[in-house]
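Next up: just one chain, as structure tokens, the form predicted alone.
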Amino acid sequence: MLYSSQRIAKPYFIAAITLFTIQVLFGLSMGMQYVEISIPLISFDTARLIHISLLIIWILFGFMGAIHYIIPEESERELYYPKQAIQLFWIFLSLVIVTFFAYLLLPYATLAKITGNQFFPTMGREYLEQPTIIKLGIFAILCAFTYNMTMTVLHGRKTVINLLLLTGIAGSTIVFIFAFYNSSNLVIAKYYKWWLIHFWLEGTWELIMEAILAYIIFKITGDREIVEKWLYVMVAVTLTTSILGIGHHYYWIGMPEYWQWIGTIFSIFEMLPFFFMVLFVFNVVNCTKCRSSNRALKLWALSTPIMAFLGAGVLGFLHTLAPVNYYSHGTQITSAHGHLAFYSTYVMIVLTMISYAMPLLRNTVTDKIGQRFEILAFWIMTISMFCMALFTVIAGIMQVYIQRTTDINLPFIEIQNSMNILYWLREISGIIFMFGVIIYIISFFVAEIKKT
């Protein structure tokens, strides 16, 4: 039996998948321009702006949907303000739609001018391109969302999972304050930009990801005690490593040299949370009897920490060591790490949660045919994303070799043209990934049997 307020998660999940699909399409348009196929009316800058912005936004929708689903169940009560949760969804979605069309139809400088950026300048920074008024709206939404979840937990049962979710969303809201500080000094501006971006992606969001993963593993095994014990370990390691791990963003922006040592050392340690996730999942599953017959869900849940360890952990470790980063920074290697890390850490956990919750929210069960579709979608998306990252890493290594380790003085565009075959392979992998997304969506509508 579901709490009625758990059903509020459904529109958040639908919005997340819709925006995810649009984000992938804009990523494909960027890839086409890499191989010199122009996209009418969409410049590369606009496509990149929308692609990255939607990545952050749709994952937020996915997280909010997951939290709306988990917290009432863990707290054993309805949401404190159910109506507010629905209102926040429509306000958030409206802000996203307005911003999307503003990016698409207006030059960025014009958008900055008409939104008053000259009076309170916060725009123009990578990942924080949103107009100031939109940032204020996002911050207000996060505050209201955090308040609603806090009151729900305070008036209900407290568990490790819902307290960790609360810590994650409260931390995300607090560090978003740094989005409003934009110093005229470029070094200081970049310094504080990473306080938000790093602590979202490698701090508070990671806590939310771990809590969702723990919830899913609990649902698969039914063993709360062992899940919570492992969760304490993962959270402790995450918080310990993420704080000083921010140092790997400070290597070459004008900060003191000691950040190279701090960033390198703690970038090594930042692999540990993902390693412990792998140990956690397989230890719990091996020590307990799986009670779920949903093979697709188990595949998502078991594969998420493995892929996160490879994409965010190993590839991140190799790329963020200062002696390596000296050559690789700003090359295609950065892009490869970003794609594989985001997919393995946040995309997969949101899709895992949707795989578990959506059939229940739609009052259906998916039979073996539906599960086969979803398993097929998993393999298509995961393998194609791995191939995208592989081809991009190879392109990055070529870029480093030609541009930064030899005396070959070629124009930048000629170097890019020499990697054209790799960009084509990356684009083909992206197209295959898009087919995987479509099959994933179809899986929820194939061979469904209504519950009695």
Partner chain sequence: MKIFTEPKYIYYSSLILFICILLGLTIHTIVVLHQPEHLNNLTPQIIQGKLVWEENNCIGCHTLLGEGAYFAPELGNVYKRRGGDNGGVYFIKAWLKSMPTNIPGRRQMPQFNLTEDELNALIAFLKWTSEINTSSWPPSEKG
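Just so we're clear, the structure is a prediction, and the values are computed from it rather than from any experiment. Numbering follows the first chain given and starts at 1.
Unshown form predicted in complex with its partner chain; subsequent notes refer to it.
*Asks:* May I ask whether 55, 298 and 378 all come within 4.5 angstroms of its partner chain in the predicted bound form, judged by heavy atoms?
*Replies:* Result no, not one residue of the spot touches its partner chain.
*Asks:* Of the options 109, 154, 97, 105, which one has a non-hydrogen atom that comes within 4.5 Å of its partner chain in the predicted bound form?
*Replies:* Of 109, 154, 97, 105, the residue with a heavy atom within 4.5 Å of its partner chain in the predicted bound form is 109.
*Asks:* Pick from 80, 191, 89, 176: which has a non-hydrogen atom within 4.5 Å of its partner chain in the predicted bound form?
*Replies:* Looking at the other structure, the residue within range turns out to be 191.
*Asks:* Is there a heavy atom of residue 44 lying 4.5 Å or less from a heavy atom of its partner chain in the predicted bound form?
*Replies:* Yes, residue 44 sits close enough to its partner chain in the predicted bound form that at least one of its heavy atoms falls within 4.5 Å.
*Asks:* Hey, in the predicted bound form, is residue 368 touching its partner chain, heavy atoms inside 4.5 Å?
*Replies:* Judged by the heavy-atom cut-off of 4.5 Å, residue 368 is well away from its partner chain in the predicted bound form.
*Asks:* Is there a heavy atom of residue 402 lying 4.5 Å or less from a heavy atom of its partner chain in the predicted bound form?
*Replies:* Taking the distances in the predicted bound form, the answer for residue 402 is yes, it comes within 4.5 Å of its partner chain.
*Asks:* Could you tell me if residue 383 has a non-hydrogen atom within 4.5 Å of its partner chain in the predicted bound form?
*Replies:* No.
*Asks:* Heavy atoms within 4.5 Å of its partner chain in the predicted bound form: which of the stretches 246 to 254, 80 to 88, 139 to 147, 344 to 352 has them?
*Replies:* Single hit among the candidates: 246 to 254.
*Asks:* If we check its partner chain in the predicted bound form, which of the residues in 323 to 345 reach within 4.5 angstroms of it by a non-hydrogen atom?
*Replies:* Contacting residues: 325, 326, 327, 329, 330, 331, 332, 334, 335.
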